[in-house]
Ligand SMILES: Cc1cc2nc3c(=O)[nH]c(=O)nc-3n(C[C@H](O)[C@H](O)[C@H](O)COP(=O)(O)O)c2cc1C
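Here we start with a single chain on its own, the form predicted on its own, put down as structure tokens.
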Amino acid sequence: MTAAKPGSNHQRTIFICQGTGCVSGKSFDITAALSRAAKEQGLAGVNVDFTGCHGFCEQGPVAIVEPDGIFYSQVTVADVPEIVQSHLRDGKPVERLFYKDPVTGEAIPHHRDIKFYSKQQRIILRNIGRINPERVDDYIAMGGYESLKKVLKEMTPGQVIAEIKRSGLRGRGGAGFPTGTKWEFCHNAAGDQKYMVCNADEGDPGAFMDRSTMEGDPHTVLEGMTIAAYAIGATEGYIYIRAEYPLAVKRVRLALQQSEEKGFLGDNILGSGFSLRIHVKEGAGAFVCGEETALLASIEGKRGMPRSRPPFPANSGLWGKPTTINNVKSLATVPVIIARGADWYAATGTEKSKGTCVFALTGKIANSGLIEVPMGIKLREIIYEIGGGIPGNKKFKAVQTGGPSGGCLPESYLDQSVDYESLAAAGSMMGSGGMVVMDEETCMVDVARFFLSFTQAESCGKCVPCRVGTKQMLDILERICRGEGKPEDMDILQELGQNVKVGSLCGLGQTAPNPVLTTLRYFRHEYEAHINEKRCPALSCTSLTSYFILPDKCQGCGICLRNCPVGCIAGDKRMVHIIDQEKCIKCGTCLDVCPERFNAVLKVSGETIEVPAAPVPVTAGKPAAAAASQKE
């Protein structure tokens, strides 16, 4: 790296992440503080700007100095003076803000050398972190809208569809249906009015792929959507985005305005004779509206509920007219395919799963955040190289792919290829892109209960298998977690799960049993421990755990007694304390506050520790050698 000399004409820009994650860490204030400080220092060769989500949310707020490529993590307003004076003025980077590798502890200054970034292959997220999402000229400078120009001036709708089909692009919303084929169905459908819809209703817990794309690069979604509308013959479009995404809504609306001003939307786009109007429809946050027919009903002002198919939306969608619905990530890929060619895109991925996939990597992982990787990558590489492994030297237990309806895969599947077919064969799915990592302290029965509780609550209730079946399954799981399960419950769960999958009307019900079925398949021993031994191996299920104070370790300091929220601990100073098991609410406060040097509180499941019936002097409960030592 060559530092700029003060007073030189060399332009150095510091980009602050203003995705939602970093905004919650006050990146707006950091940007303002940097602008003020640079101005006060008279740094004419320094530019302060912002971008969308860099993806590395674990390390936010993030700032990157270019062209140096210096990556600063967990920046605060208090760090601003040092960054400005040391780096932007004197050319000396602030080393204490460098990212630290979770395995080696090495401080890494350049983002290109951080495995979280270097192991990725960004196509959908190609511009995010590199442009200001609120300036259309930034997008144009990166080649934006060139694909739209090419399509309108050089290609027929049929040629566009053929190119997308040849690329092998499949829907990134979960189902994985071939995008070009979907376009072709709508293109061939009879109708004087057709609609193009972008499904931005991202309702999976912990998922923020579509949100970050719209916040960080809204124009690539609009360009892809306009190309799709041209291909199918639509003149009206809707972006269905949940109202809980206010920053994404704001930037999409701004991008629409800018695109119209530049002539990329509206009447007679670029003089081609093709016209398109795109509207924003804010959803109310119903998970079921991610299903395309429920989404269409919501746009029409009806209750968001799925309907039977056929007819499919390609023939009878919005207001009964031919309609195509594509996910944000699918549309964001389209301009790249047109610009670089179907063969280029198809060269990445596997035979049946082309291109890249975007995941929200969360859970018990060192490097959580947004990643884009080629199809066919192994789970092990994602978790241990990009993700940095499991924190605290804990052991990996499972990973769930595909959001709340995805399956949970054990350690033996770490070398599983990440693609549509391989994940489905293992009992999971690609889904919209959620990936949750779990460690040894995770109870897989409770995980199944947690995710099923979400899908059960989000069921629209229209069909009996989903409405009743998921409730029955949830009741059984809750009983098992309370230690009230019966041996036959496992067979009943298996049968119910299969019936719900086969009989449900839409994708929500058809996939809701996946967490239960895969945990039964791969972690049956944990179900058996809960049912037969009344024990939770992960010490996670509250009803099956107990806390005891060890007589030979308790020092009678009173810290646990003073902090217990229900007063269930007895014992005076220098007396071995006792927990009243009848009153204990299993909150774990005693374990949390007990000094590590004593380590006198033990959490157990399915067993009882022998303790005195009443408080006794500290020395009385200790081994003879320890008692003698105290007397001396």
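In this text the structure is predicted, and so the values were computed from the model without any measurement. All residue numbers refer to positions in the sequence shown, first residue = 1.
The form predicted together with the ligand exists for this protein as well; it is not shown, and the discussion that follows is about that form.
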> Of the options I131, I124, L508, I232, which one has a non-hydrogen atom that comes within 4.5 Å of the ligand in the predicted bound form?
Replying inline: L508
> So which of L370, L544, C186, I325 gets a non-hydrogen atom within 4.5 Å of the ligand in the predicted bound form?
Replying inline: I325
>> Taking the ligand as it sits in the predicted bound form, is C557 near enough to touch it, meaning that at least one heavy atom pair lies within 4.5 angstroms?
In response: no
>> Contact with the ligand in the predicted bound form for P157, defined as at least one heavy atom pair within 4.5 Å: yes or no?
In response: no
> Taking heavy atoms and a 4.5 Å cut-off, does D217 contact the ligand in the predicted bound form?
Replying inline: no
>> At 4.5 Å between heavy atoms, is G203 in contact with the ligand in the predicted bound form?
In response: yes
> the ligand isn't shown here, but in the predicted bound form, which of 326-334, 98-106, 342-350, 481-489 has heavy atoms within 4.5 Å of it?
Replying inline: 326-334
